[in-house]
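Single chain ahead, written as structure tokens, the form predicted on its own.
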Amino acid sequence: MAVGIFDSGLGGLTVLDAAQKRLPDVDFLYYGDNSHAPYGVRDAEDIYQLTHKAVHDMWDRGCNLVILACNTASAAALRRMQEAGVPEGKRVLGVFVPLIEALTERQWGDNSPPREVAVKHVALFATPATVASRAFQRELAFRAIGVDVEAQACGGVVDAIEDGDMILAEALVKSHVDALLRKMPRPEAAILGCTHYPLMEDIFQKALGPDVQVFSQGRLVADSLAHYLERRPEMIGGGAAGYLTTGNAGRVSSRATQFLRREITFEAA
């Protein structure tokens, strides 16, 4: 029985790793659309169509619940998929939820009016598509008032990480943080709005300085998923666990093994 975790590439492995540690008795099916990565430079319609196809494939394989461990897919496709209708007994959830829960210190089911929160100045680092969608700002506005969000599109970072060029990725992160700080010199918190970015969390933190609280998604999503499955154990599903990719299985397996520092073997989707 497996819960599905979908990502455009390898970034969702940061969520998978945290979820496996938090929920050792739950199996997971990871699906990477590596042949079409990165999503962050694609238009909204393209992202929706690719996400829709992959999620339906995972549902067909027996996953009752699929987590979009991809902020770009969550921003561009999740709401549209939910509004179009989800098959009975199936669910698709995104990864903005735990971030906003943490930032606003309120539960997702709390539908009370938006209120003031402690953090007033937030830096958002995300892919160009996620920034363009303004999905994070929209969801945050439903729950909090008086929060200034400055978004920085971090072009090139995902590509560098997927290619294993961490020197370039580090240089790009520093450049994007510098650009953000020119627009918002004193952020109180920073959101790493892409599941690739936790791999560079130390670089973000160092560039931002010790006084900025950095919110990263792996642990937050894993905790949220654990609470969700406590309430909805039937969503664990009956599909087989494993690792699927639309890309070159050998290359993706090698890169994933480097990511998680343990043997990972992908099969063709």
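Source: prediction; values computed, not measured. Each residue number is its position in the shown sequence, starting from 1.
Heads up, the form predicted in complex with a small molecule isn't pictured, but that's what we're talking about next.
S.K.: Given a 4.5 Å cut-off on heavy atoms, tell me which of 56 to 64, 206 to 214, 36 to 44, 227 to 235 is the interface stretch with the small molecule in the predicted bound form.
M.R.: Heavy-atom contact with the partner occurs in 36 to 44.
S.K.: Under a 4.5 Å heavy atom criterion, is residue 158 part of the interface with the small molecule in the predicted bound form?
M.R.: Result yes; residue 158 sits at the interface with the small molecule in the predicted bound form.
S.K.: Indicate whether residue 194 is a 4.5 Å heavy atom neighbour of the small molecule in the predicted bound form.
M.R.: It does: once the small molecule is placed as it appears in the predicted bound form, residue 194 has a heavy atom within 4.5 Å of it.
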